[in-house]
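Just the one chain here, the form predicted on its own, laid out as structure tokens.
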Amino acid sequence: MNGKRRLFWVLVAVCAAASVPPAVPAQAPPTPRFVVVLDAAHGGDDPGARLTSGQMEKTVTLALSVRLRSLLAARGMQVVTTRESDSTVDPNRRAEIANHANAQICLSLHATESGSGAHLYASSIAPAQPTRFTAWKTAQSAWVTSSLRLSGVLNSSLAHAGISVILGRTALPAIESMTCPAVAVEIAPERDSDNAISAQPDDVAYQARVASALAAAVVQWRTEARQP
């Protein structure tokens, strides 16, 4: 009888153990998404400059934005664009889109017939310490130092791709209201050793090289941002 009772309790213990679900290992919290805003300059009622090829700047910047968006999305980044079509977007709205997206970076894309290669511009606004309440027209002041560092990363990547670069600072109405590192990237024609144009900003192969270099720079920036 005692043997049966002992067997009964052994079976109860085995069943109880089997009913306990296995321990689930703790999972690390997901890595926050890295958000990039691409701002295709001009659009709609604002055509921008006319290139020698006959294309308008607004068309070139949108094409470059679409190409770069695909490259960045393929690298696991969340990409927000200020426009997806030939639409008018004023500077305040461009800044609102970037700030609402909590962007880690914004590239404002432009095209020009003057000069050569790529022109990188950070805002000329004076740097300032972040404050709880930021003035709209000078929000970039807390980020301009980071924007200058971003400009350096973009410069290195473009130069590595064989694209000449000019660095500068200027007034940038949309960027000056943004609360993230932001740089205006202006694509000029590619020129040979005799200063003759070898590729216009709307040249597909040239745009592909520029977009690849910009994407590589953004990847590097993301990597550096995630380092402790």
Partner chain sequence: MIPRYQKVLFVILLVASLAMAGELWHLRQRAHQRLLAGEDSAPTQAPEVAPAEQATLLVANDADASLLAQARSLPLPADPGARARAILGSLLDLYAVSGSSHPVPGGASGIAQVFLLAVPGSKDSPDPGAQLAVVNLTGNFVAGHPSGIETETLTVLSICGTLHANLPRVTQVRFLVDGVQRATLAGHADLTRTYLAAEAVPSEGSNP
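Residue numbers count along the first chain shown, from 1. Only a predicted model underlies this, so the values are computations on that prediction, with no experimental measurement involved.
Just so you know, the form predicted in complex with the partner chain exists too; it's not on screen, but the next bit is about it.
Residues placing heavy atoms within 4.5 Å of the partner chain in the model of the complex fall in a single listed stretch, namely 120 to 128, out of 120 to 128, 143 to 151, 97 to 105, 77 to 85. Interface residue remark: G44 is not counted as part of the site for the partner chain in the model of the complex, having no heavy atom within 4.5 Å. In the model of the complex, A171 approaches the partner chain with a heavy atom inside 4.5 Å. Although the partner is absent here, I163 is not a contact residue: none of its heavy atoms lies within 4.5 angstroms of the partner chain in the model of the complex. Of the heavy atoms in D39, none are within 4.5 Å of the partner chain in the model of the complex. Contact with the partner chain in the model of the complex, judged by any heavy atom within 4.5 Å, is made by just one of L167, A199, A159, V35: L167. Taking N155, N92, T112, T134 one by one, only a single residue has any non-hydrogen atom within 4.5 Å of the partner chain in the model of the complex, and it is T112. Scanning 46 to 78 for heavy atoms within 4.5 Å of the partner chain in the model of the complex gives G48, A49, E57 in sequence order.
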